[in-house]
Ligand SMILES: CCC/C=C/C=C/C(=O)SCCNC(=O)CCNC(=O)[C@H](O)C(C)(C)COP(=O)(O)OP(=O)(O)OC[C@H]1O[C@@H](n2cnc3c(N)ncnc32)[C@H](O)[C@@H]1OP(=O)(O)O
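In structure tokens, the next block holds one chain alone, the form predicted alone.
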């Protein structure tokens, strides 16, 4: 699944391919720069996932990094002008512009959550700084045995501001561990990432992991897109709301979604002991 032809036009930092029907593979493609996140990356991610969200052909996404590692995080040299020299005539105007810039950067990863298609992220080697922001916005996280994760921001003089401090506590569940990782910038290796729930599966190497990620995406894509996308939307809603509110939301959601033909098709397949991959569900 790894590409060797470089970024896919019009993108300059991302490679987008379709390894199987209904599956999209998105790859950070700056291996010569350790997949560092430059200015182009931040807006290309938004464009890419907005396109995926609207693409009725796509039912699942696999996200990975090209080259020797997943990502080294933010490209400090490439981003310095935005972060260190924001426009403005006084403190209020400089702050207002910096707030606008940070909001755009936050959307780079929030767009993954907003995309109704499930996103499986496959991490190999290092996942540093902005990489942790990215993976915590994904739905399923896989990694290789040599993977390691680092909330790096305190080492460069700032508090992480594009998702890690907000999503990582909900992913791991241990506030103490999250605080430790964020305040010390220590590395977390694959076994610990698995035991604390940051990733759900660990693979011996990248090749095996990508095969596993594609198989998992295929399983998801074989299900009713009405059911799959509704499940993702409601899982995220439930994370951020009380149980009574979330129950009311799924009640309102399913009073229309239960009227899909997919329900009867899935039930019939189960009764006839058919593989869901044999069932033709309409595009969504």
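Numbering follows the first chain given and starts at 1. Quantities reported herein were computed from a predicted structural model and do not represent experimental measurements.
Below: the form predicted in complex with the ligand, not depicted.
Only one of 108, 136, 144, 72 lies close to the ligand in the predicted complex, with a heavy atom inside 4.5 Å, and it is 72. Here is the short version: of 45, 60, 26, 36, the single residue with a heavy atom within 4.5 Å of the ligand in the predicted complex is 36.
Per the 4.5 Å heavy atom criterion, the ligand in the predicted complex is contacted by stretch 72-80, the sole one of 113-121, 175-183, 204-212, 72-80.
Put simply, residue 198 is far from the ligand in the predicted complex: not one heavy atom of it is within 4.5 Å.
Among residues of the shown chain, residue 240 is not one whose heavy atoms approach the ligand to within 4.5 Å in the predicted complex. In the predicted complex, residue 156 approaches the ligand with a heavy atom inside 4.5 Å. Contact annotation for residue 193: none of its heavy atoms lies within 4.5 Å of the ligand in the predicted complex. Interface residues of 119-136, taken as those with a heavy atom within 4.5 Å of the ligand in the predicted complex (partner not displayed): 128, 129, 130, in sequence order.
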